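Listed next as structure tokens is one chain, alone, in the form predicted on its own.
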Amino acid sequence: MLELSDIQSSPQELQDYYAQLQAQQVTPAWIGGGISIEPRSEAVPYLWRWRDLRPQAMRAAKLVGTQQAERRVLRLTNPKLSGAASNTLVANIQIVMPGEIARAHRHSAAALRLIIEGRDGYTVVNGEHVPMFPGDLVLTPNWTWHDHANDTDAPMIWLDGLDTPLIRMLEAGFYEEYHQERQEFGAAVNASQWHYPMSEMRAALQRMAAANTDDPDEGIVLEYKNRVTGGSVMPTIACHMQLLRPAEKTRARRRVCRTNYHVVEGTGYSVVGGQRLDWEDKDVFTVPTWTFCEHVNSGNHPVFLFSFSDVPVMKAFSLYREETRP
């Protein structure tokens, strides 16, 4: 008859055995914490306020040049993590002042830029000139050459999103500088695969609102699609824009993914893991994995919420799941 074995070893015998294992750099799994019933993130919900971030970005522009800093970036750091907003994705604020460039390089981390402030500065991606206007999404996929320039008379500030914590965990980080500070422009293109103008996303969301083609739980949400593959914008990062109409409230939902949000326009609040985060224009907040989150538009005008997450990674390994609170 097959059954569970029951071996009653003395505490001293077990202690001696564990000490021998430790000396050999071996750990018995049955005392090592076991398997969790569900995901529990070390990260916590957190909100970074634009009214605090912008003055610090402007001060950085006075104290540090782009000659001294490869990228003049402020890393938004989760209180429970080291140098990152979430376990797999960073959210940064980058500033390029009038007349400045940020030199060309490439790396194995995938990156995105969501433009916050400034008009008509640009990024060059593999030789393609990509304009940058508020609300625009600009991609620099992994191992693409990219540099930034501001030939306007006002600061250019944007939100950076990168998968560097994931790349670091996988020990797959590569970096290379271009042979000169800036890339030469290639031939102009009609429709860039790296550029998603806010004007197009706003119009699409407003058409959906007029046609009442919204999700009853989430309101109106559109995913940015890769213009070549039709999938997520990059293999490790998915990007979405969500429209919340005045007084609209979404249903609480949790997902196996890490998500960082940027308030493009509007005021309201989100309840994340039971914690209320009151936000306004240009604020940034993070939602850890498997944490219930709901959004509320508390103002009189539409809210546009941009988000980026590691959903493609979770789906690639069949780990993604979601749950709506009853």
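Here the structure is a predicted model, which means the values were calculated and not measured. One rule holds for the numbers: they count along the sequence shown, beginning at 1.
The form predicted together with a small molecule exists for this protein as well; it is not shown, and the discussion that follows is about that form.
The closest heavy atom approach of residue 162 to the small molecule in the model of the complex falls within 4.5 Å. Residue contact with the small molecule in the model of the complex: residue 250 places no heavy atom within 4.5 Å of it.
Among heavy atoms of residue 73, some come within 4.5 Å of the small molecule in the model of the complex. None of the heavy atoms of residue 255 is located within 4.5 Å of the small molecule in the model of the complex. Checking 236, 242, 92, 87 for any heavy atom within 4.5 Å of the small molecule in the model of the complex turns up a single hit: 92.
Proximity to the small molecule in the model of the complex, defined as a heavy atom within 4.5 Å, holds among 129, 227, 105, 202 only for 105.
Shown alone, this chain has one stretch from 140-148, 193-201, 114-122, 211-219 that lies within 4.5 Å of the small molecule in the model of the complex by heavy atoms: 140-148.
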